[in-house]
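Provided below as structure tokens are two forms of one protein chain, presented individually as structure 1 and structure 2.
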Structure 1
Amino acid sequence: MTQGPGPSGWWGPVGRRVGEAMLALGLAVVFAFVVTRLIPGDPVALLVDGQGGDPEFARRLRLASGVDLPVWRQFLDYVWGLLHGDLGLSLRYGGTPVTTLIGEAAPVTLVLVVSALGVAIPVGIAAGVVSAYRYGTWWDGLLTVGSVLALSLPPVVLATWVMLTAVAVWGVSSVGGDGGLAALAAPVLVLAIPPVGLIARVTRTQILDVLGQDYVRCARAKGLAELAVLIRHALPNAMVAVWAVVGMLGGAVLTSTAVVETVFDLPGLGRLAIFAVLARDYPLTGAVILIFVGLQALFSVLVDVLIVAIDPRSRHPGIGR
């Protein structure tokens, strides 16, 4: 076997994606800084008015926050603060550090996203595999109709329907208010359903494609059990495209959490972000931009590492199918 052109091994594909993620993060830092500088007028006056308007406090705050320095110096200070975990003070939460607010909201959103994907990926793959193996039967029909319906039920629709049902059937006006794990069931379900539809469709297409390949025919011809054919030969080859779709889904699910958190009244990052934008809380908005871009970058790098791990072809550029 000859080695193709370009670097071979893990670092080629993964390193490239890490570099892209770093660039996106760098751009996000610039955006976050620009956003924090958007405050019209004097940010210190804005902050101090909320605290009672003590001029001595304003003078010390101006000195401490460095708003009189030139812009490049402020940018460097911002990056320096960033590296030390200091993102500034919120304008609307009485000067609470932004990092505290983010730290309180992040676990809610992370639990939602991780459990939604944790439900959606296995269920979607299983549905796709069954659909492909029962191609053309009523199983396939049922699952295909189901996945089309799932794709057509965005969180805005599904979440409000859950609320409607809750009000109509149980007479309660809140499904997720008390913050317990059981209360997260409805939001997770709402978040998971559209990804299930998408993953099932991609898996079905890929498995159908793979089942027609020569290596699958060969595996069957040598007498391998069908389950072994599926697990050893069909699934790994089909999974590459599926994981690529999952990589694109991370950002979409993060966006959907904003809707779900608003409908179910959960104190997560999405709701914090929307609040920050609408209330013009610029330091908080900057931090929210950073954490969203950071989470998406982390997620896409993780998925890429996974793809490189399961697909040897990606470690050897130049060697085709």
Structure 2
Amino acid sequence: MTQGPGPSGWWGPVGRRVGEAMLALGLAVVFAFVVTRLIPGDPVALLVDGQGGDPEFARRLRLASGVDLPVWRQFLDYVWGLLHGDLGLSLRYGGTPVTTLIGEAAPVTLVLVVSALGVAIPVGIAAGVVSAYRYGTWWDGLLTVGSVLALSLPPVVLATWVMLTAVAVWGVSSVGGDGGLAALAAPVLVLAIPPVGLIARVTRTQILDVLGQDYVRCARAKGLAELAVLIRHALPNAMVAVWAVVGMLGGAVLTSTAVVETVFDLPGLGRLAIFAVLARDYPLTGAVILIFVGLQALFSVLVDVLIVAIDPRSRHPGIGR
């Protein structure tokens, strides 16, 4: 007697991913601490020089940040603070709590990432479906070349090209900055283009693979139209691989925001991270690294939950093998 998808069938794959995410966060804590301490230079001295060399300000900042404590003590204080929701004080921003800076910058980055994926997923799937449906035609060739170009262009090149085009061709005085939601259109476009190329290629490849299966040939033999075969049979089976790719793309888009936010002068986490590294701001750099790892882990878990929901084989490994 066949059993339904019980709790163990659902939570087995998802539980493994949650465990992996927790392990990744633990390693990220150590990585963030070690990497930030390897950045050469004295962050307090660098900041004080920019403030006119006030020795009293330097003394108070050193005391508050604990940069003169032994490394092992700094690590224990760092972990203790994380467990209590305290990310420390920013050295670059004169002792401002890191949580305050993260809270101001995170919404910008989240809007960029969610919007870019919201554009890339449907456009990439549509391009892959059309390419597979028109396999061997000039449509297929055009979309294939386009997807390769989309994957080949680095974000910094795309961002610079879009900005120059907006200013020179369309006469836009500024792109990004404080222009409101409309100013996010160009950065979102830059972030969405590479994922569109990858999603389109994966969708096309998976659909063409499914179209060669026996059950698809059976559906054709019964007189089902080719477009109906593609939409009803090929696309749903191809979506598992597509969603798996989307899970990986979340991290790629997130890291690309550092370049895009800097080029377009957007006050997000990516630009904040670059400023923190340049200023040797240990607490802020480590916090942004943890936020990035945490968001990627969360995104991967959500995608895995979606895959488990749409693919019975992920709940019952024996199915289809």
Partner chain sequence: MKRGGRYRLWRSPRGLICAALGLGFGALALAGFCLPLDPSGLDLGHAWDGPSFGSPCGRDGLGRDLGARLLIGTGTSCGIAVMSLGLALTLGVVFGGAAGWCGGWIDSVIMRGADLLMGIRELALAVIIAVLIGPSPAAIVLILGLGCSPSLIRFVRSLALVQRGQAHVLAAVALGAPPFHVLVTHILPNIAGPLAVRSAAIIGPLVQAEAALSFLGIGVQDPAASLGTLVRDGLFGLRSGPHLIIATTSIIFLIALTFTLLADEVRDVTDPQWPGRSLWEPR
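Note that the rigid core is defined as the largest set of C-alphas that superpose within 1.5 Å between two forms. Structure 1's sequence is the ruler for residue numbers, which start at 1. Bear in mind the structure is a predicted one, so any value in this text is a computation, not a measurement.
Inset, instruction - Of these two copies of the chain, point out the form predicted on its own. - result: That would be structure 2, which is the form predicted on its own.
Legend entry - Rigid-core frame, C-alpha of V129, shift of 2 angstroms or more between structures 1 and 2: No, shifts by less than 2 Å.
Inset, instruction - Classify A106 as shifted (yes) or not shifted (no) between structures 1 and 2, where shifted means its C-alpha moves by 2 Å or more with the rigid core superposed. - result: No, the C-alpha position differs by under 2 Å between structures 1 and 2.
Legend entry - Core-superposed C-alpha of L230 shifting 2 Å or more between structures 1 and 2: Yes; L230 is a residue whose C-alpha shifts (by 2 Å or more) between structures 1 and 2 when the cores are overlaid.
Legend entry - Per-residue Cα shift, V29, between structures 1 and 2 [Å; core superposed]: Core-aligned C-alpha shift comes out at 2.6 Å.
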